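This document starts with one chain, in the form predicted on its own, laid out as structure tokens.
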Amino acid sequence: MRILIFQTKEKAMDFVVEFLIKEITRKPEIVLGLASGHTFIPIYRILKSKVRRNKINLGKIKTFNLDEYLKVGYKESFRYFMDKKFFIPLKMKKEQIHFLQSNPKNVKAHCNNYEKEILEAGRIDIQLLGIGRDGHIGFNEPGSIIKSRTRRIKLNEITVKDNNAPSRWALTMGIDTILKAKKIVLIATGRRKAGIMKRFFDNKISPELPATLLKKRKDLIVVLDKDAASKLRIRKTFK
């Protein structure tokens, strides 16, 4: 596991963006696993700016998003968030974007097809992840098993409250789906994430704390700011 702790949230975000740009430059047809939520707003903002300034060609990349709320309108959806923050400003083409639908006709068939699309794309090259205060990744809530794949899931009360979620139900990539990504970057910033990051490092691997299942990957990259790392017992070297 590679643990990177930065003095500020901004420096942590800059690292993630530079990492992505380097990987996109190295492999223009890269497959990115993207996440939504407040943690990723500055990442997408900085990435947009640097892509435009450096005239980086995103025409060959493919994206797969982690999750989506079920039975909500477009403006309540993660798709709206991504369209507004990333896809539309960077003029991404429809065929480059893969997203779980909020209102699929057949949930199981739709989830199975999403898994198939990931395999057909050659697997995800880089998966970005945040972490919930209950340890969820994507919307894999406590109790999610390591072999879980893309599916429907009921959100915990803490997740509904923290996300101001418009629905108690969602679709999410599974733990197994996430772990099959070639590279995984877990990102946490702010003091609100200090408690769960302490639990992540202190606890053994368990489905009851889904993020700990990422420890199966020895090449996991964990990016934290000083606040998120404030309760850790590991030696802290700030960048």
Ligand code: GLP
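Position 1 is the first residue in the sequence shown; the rest follow in order. Please read all numbers here as calculations on a predicted model, not as lab measurements.
Here the subject shifts to the form predicted in complex with this ligand, a form of this protein not shown in this document.
In summary, among the residues R191, H38, K27, K60, the only one with a non-hydrogen atom within 4.5 Å of this ligand in the model of the complex is H38. This chain lacks the partner; the member of I118, I126, C111, I131 within 4.5 angstroms of this ligand in the model of the complex by a non-hydrogen atom is I131. Remark: Q101 does not count among the residues lining this ligand in the model of the complex, judged by a heavy atom distance of 4.5 Å or less. With a 4.5 Å cutoff on heavy atoms, F78 counts as touching this ligand in the model of the complex. This ligand in the model of the complex is not approached by N156, whose heavy atoms all lie more than 4.5 angstroms from it. The closest heavy atom approach of M173 to this ligand in the model of the complex falls outside 4.5 Å.
In plain terms, the part of the chain that comes close to this ligand in the model of the complex, with a heavy atom within 4.5 Å, is 60 to 68 out of 60 to 68, 44 to 52, 194 to 202, 208 to 216. Heavy atoms closer than or equal to 4.5 Å to this ligand in the model of the complex belong, across 95 to 123, to no residue whatsoever.
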